[in-house]
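The chain that follows stands alone, in the form predicted alone, written as structure tokens.
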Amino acid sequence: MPLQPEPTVGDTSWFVYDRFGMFIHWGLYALAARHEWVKSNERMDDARYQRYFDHFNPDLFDPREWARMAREAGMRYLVITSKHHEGFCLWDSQYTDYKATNTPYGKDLLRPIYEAFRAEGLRVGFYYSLIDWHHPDFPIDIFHPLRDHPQALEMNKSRDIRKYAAYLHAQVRELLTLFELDILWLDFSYPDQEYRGMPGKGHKDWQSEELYRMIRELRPRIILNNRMDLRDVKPDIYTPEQYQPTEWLRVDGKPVVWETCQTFSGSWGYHRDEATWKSPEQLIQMLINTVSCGGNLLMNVGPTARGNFDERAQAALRVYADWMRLHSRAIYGCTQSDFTPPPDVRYTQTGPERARREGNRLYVHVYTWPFRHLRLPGLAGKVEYAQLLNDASEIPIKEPGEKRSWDEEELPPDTILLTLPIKKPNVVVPVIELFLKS
């Protein structure tokens, strides 16, 4: 049987089935178009950053188009930045004037996004930044844009983290009251980092234990991530960022529910001049690699300041759409396999829920297309039928001891031999579907 993490407080049953989500980072930094951390990276004060607020007017914003592209790409859920580190809010929060409704655009952005993705059948979660570089009571620290200001320590004397924590809690309560959310993605804690006598921030600053109790009271089954710096409460999901685990993520030696968040390029927010956009092979293999290790992939899009996905992001989403249209069976309801694949191959296998309904299936993702034959150790006597997933064409299977021609090699006793087409199928990563014997 595939590995099974311990049950979570939040409802992760749908999450580990759906496997693939869309992350959206969108805020004032889209106008700067050079990374969502531009305010920190360039040490901008509020007065300089204000120009982006004063010119924020996404006239091409069409959340129904965003949701359609996500669904067609095979993504089953959304996580969007309701507020990122800059402090700008996409919704009409009653607790701040620093929000979309006060920009030239003049309207709430979060509600239309929520409704559009729900209408396409996707689940919805919100990212909310525990950090806030705009709030006057948020103390300056290692990541704050004013960290190198000569009066930073003096300025911190008038900043009260308790007042900021009250604001943070009020906004989280507001979001959970206004919206029926499936995920709350809080980001992030850094209690052990210090800069020039200015400490980092963690659970004591956020009052995370109290925040957790409030969230569970309002939404008992919502999925919570692991970035609140809670010491005695286990999160529902763990969230490795911008790296690819090569085995099931474990905490204290036990497998956990996990999700890697990744980007099409090197930036989360829209970055006009960033050039390290991933190839189609990288995009598809990241999804396969993740599910083959029992995880979820949350792939990010950074909309432009006019409110659309640029042509590079749309092209990347089409890569997923084209592949998932033919191969989603190898992703949805799948997990890490019991079997060990040969080199240049990854396995995904039906998890318990799908296996009960459809039987046990093993998906063979072939990264390097071989000439004619593919040997799969450990599967002798265990496979009922094999087919290419993209067109359901049969793949012949040879078991050990069978001899069909004078020049065929003998197989090891545990190995089967698949006879493949000479030409690789016209898909980014071909997949062979093996129906396992019960």
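Don't overthink the numbering: it's just position in the shown sequence, from 1. Everything quoted here is computed from the prediction, not taken from an experiment.
Heads up, the form predicted in complex with a small molecule isn't pictured, but that's what we're talking about next.
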Query raised in the report: Using a 4.5 Å heavy atom cut-off, which stretch among 83 to 91, 303 to 311, 155 to 163, 364 to 372 contacts the small molecule in the predicted complex?
Result: 83 to 91
Report task. Please state whether every one of the three residues 20, 76 and 126 places a non-hydrogen atom within 4.5 angstroms of the small molecule in the predicted complex. Result -> no
Query - One residue of 261, 257, 172, 293 in contact with the small molecule, assessed in the predicted complex (non-hydrogen atom, 4.5 angstroms) - result: 261
Report task. Identify, from the list 194, 358, 241, 115, the residue with a heavy atom within 4.5 Å of the small molecule in the predicted complex. Result -> 241
Query raised in the report: Does residue 187 reach the small molecule in the predicted complex if we count a contact as any heavy atom within 4.5 Å?
Result: yes
Query raised in the report: Can residue 37 be called a contact residue for the small molecule in the predicted complex at 4.5 Å between heavy atoms?
Result: yes
Query raised in the report: Does the small molecule come within 4.5 Å of any heavy atom of residue 227 in the predicted complex?
Result: yes
Query - Contact flag, residue 320 vs the small molecule in the predicted complex, heavy atom cut 4.5 Å - result: no
